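Just one chain follows, in the form predicted on its own, and it is written as structure tokens.
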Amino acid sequence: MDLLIKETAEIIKESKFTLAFTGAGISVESGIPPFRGEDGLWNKYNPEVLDLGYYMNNPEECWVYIREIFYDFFADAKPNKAHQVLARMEHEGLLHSLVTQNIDNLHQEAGSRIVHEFHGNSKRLVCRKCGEVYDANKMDLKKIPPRCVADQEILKPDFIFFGEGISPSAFENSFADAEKCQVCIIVGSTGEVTPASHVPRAAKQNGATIIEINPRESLFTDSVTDIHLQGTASKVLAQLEQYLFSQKESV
């Protein structure tokens, strides 16, 4: 495994444009459970509360569960080692773009700056009437549903609900970077959610080397992955960090 990690680090160092693509697995170690799978949130909550049509008709009911899931349960989540290594890679010029399926804002909190939020961000609330955007951390969510100061419209979390389209800018920027990258690093994504899962596939089709960091095989492993580094995101990225920056740290 050490030899494979070392070889992978060299591939990343030689890449002129590297893209990271992250899913729920990178945030599990920060205490945020995935939505799908054995321990997924949809085993506990009815996903209907995030269906756009249902929400539009029942916003007060939906906000009870939205607050519990995204603003009570996830409130104390902090970036973990995996988020920190990716941010360091960007700062050191080894990572040029990051596409995330996650809505937890942990990449930005870790210091990543070039982040395409494919599914939006739970830290923002938006008024669907006037377009005003609010910082969720500064809102009093003990009183729900939260309302726009200007027109008293109920605010919606600025992430993608079921039945809602992907932000055109996030979609276009993600695929533009996928098409020009030389290396794509998949971290913690099972490849089950579309159209996000097409991003690494677009990178592969355009000749990129696909590096996958996942504890288990995913839908990417046998179809697009060139190098599978098996393990948790934090463990593998910490190992990669040693080889990526070994010369700098030894000076």
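Note that the coordinates shown come from a computational prediction; the quantities given were computed from them, not determined experimentally. So that there is no doubt, residue numbering starts at 1 and follows the sequence shown.
Just so you know, the form predicted together with a small molecule exists too; it's not on screen, but the next bit is about it.
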query: Contact residue in the predicted complex, from S97, S167, Q101, Q108 (heavy atom within 4.5 Å of the small molecule); finding: Q101
query: Heavy atom within 4.5 Å of the small molecule in the predicted complex - residue from I32, V224, A202, V49; finding: I32
query: Contact label in the predicted complex: V193 to the small molecule, heavy atom within 4.5 Å; finding: yes
query: Distance check, H119 to the small molecule in the predicted complex, heavy atom within 4.5 Å; finding: yes
query: A9, heavy atom within 4.5 angstroms of the small molecule in the predicted complex; finding: no
query: Non-hydrogen atom contact A20 with the small molecule in the predicted complex at 4.5 angstroms; finding: no
